[in-house]
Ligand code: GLC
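Only one chain is included here, represented as structure tokens and corresponding to the form predicted on its own.
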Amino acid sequence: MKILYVGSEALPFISTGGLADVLGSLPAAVRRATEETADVRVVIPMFPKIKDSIDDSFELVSEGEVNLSWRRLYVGIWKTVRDGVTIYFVDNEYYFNRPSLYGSFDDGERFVFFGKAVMYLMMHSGFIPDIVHANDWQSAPAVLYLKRKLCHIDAYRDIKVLFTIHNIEYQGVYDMSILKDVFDLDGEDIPVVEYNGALNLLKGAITVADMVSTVSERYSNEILTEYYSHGLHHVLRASADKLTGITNGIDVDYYNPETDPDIRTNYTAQKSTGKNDDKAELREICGLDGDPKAPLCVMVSRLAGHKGFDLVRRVMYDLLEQTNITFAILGTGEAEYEDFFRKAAADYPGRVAVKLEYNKALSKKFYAGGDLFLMPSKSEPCGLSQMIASRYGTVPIVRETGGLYDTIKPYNEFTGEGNGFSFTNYNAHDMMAVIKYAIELYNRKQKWTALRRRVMKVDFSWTASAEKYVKLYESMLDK
């Protein structure tokens, strides 16, 4: 089986979020799940950070041009090999030499070019995959070109496409007037890509893909409803027979408190005293000089309303007044939440700390140093942070949505079952009640130690997810 993963970012090369974690881990996991019989490859754009790190392990495999409507554009294909997986990089200075991965005025054209370059790669590398596994709207043009423009050619006719939605909020929506000039699509493609009078790349990929997946089982059901679909529920309901959900995993070697070089003291579920040292270090970093035995609740997130920060803002001061909890927050985002946490830190010095930055190494100190990990999202396609926190023995408190529902089950103190705390309604006081219950349990050290040990032992590796993907790929090829 030959599989080509298409996406806009992948660890360890470039990352802005969960997509990079998936493309950095899933391909190798799938290769292992097939006992290394699958030929697994990945293609992403070559952004400046990648180009600056080119060494002898990189090889320039092809240079040429692609047609994009009336334009003829340079494309270079580089490759390297990691963990038995070949990673290709699409080089074009004009489109990808930008200070950030996304947010340019011409993002649509940039990733349409990327889609064309993926077709070029298949034509000039000698690698014709059985499965193209495309991810999010940035790879949707590749799906459209393959299924709409190359399907009449024998070599490409039988390629199956799995399109994965990581976050349905981002759809690649543009004015229909640029259909031909920028996107190199024709009038016959309008029924495929048009939605609500606009050109919608995500809708197009959903329509033509052989299968569509989401990054958790729960999310695949949620996006069939108007509340979660960001307007695409009608399209998804029409494609419900090819929609499935497979919950992401995490890289358990990278996120491993026993070996992690980014934390002060390593520890395991059985020998967890080192976690006390990591909590002490995080308190020092954050200037939390209150009661060292108080429960430390951490959040590592983009500061945005849909991440549940409106709930936190509503009851945070009440929690600080009514309990001995301390808070440490890491992330950047919307100004109103940055301002709120700055004020809270000023109002409660020594008990509230905020680090307004994106720092992957520092985030691991937060995961290791916390007692509780708060993630009260309004929606969460999968979420990785709750699984990473669990790996470090920082017990999650989540709202029951998307992947949070699939991965964190509420603790039952009578049976010992469950691996965290959860609440159902998107309600600040429901969240507050669960936090108070977690604090109560934290003060019952024997039960807390048992829970923390249980949380650390949950298997969130890619192994189970990769096996499900392999079965899905095989079923697609059998059809």
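All residue numbers are counted from 1 along the displayed sequence. Computed from a predicted model, the values in this text were never measured in an experiment.
Keep in mind that the form predicted in complex with the ligand is not shown, yet the notes after this line are about it.
- Each of Asn167, Arg302 and Glu380 places at least one heavy atom within 4.5 Å of the ligand in the predicted bound form.
- Remark: of stretches 140 to 148, 381 to 389, 112 to 120, 257 to 265, the one touching the ligand in the predicted bound form is 381 to 389 (heavy atom within 4.5 Å).
- Put simply, Leu19 is close to the ligand in the predicted bound form: some heavy atom of it is within 4.5 Å.
- By the criterion of a heavy atom within 4.5 Å, Ala368 is excluded from the residues contacting the ligand in the predicted bound form.
- Though the partner is left out of this view, Leu374 does not reach within 4.5 Å of the ligand in the predicted bound form, counting heavy atoms only.
- Although the partner is absent from this view, Val215 contacts the ligand in the predicted bound form, with a non-hydrogen atom inside 4.5 angstroms.
- A heavy atom within 4.5 Å of the ligand in the predicted bound form is found for one listed residue only; from Asn248, Ser220, Thr407, Thr326, this is Asn248.
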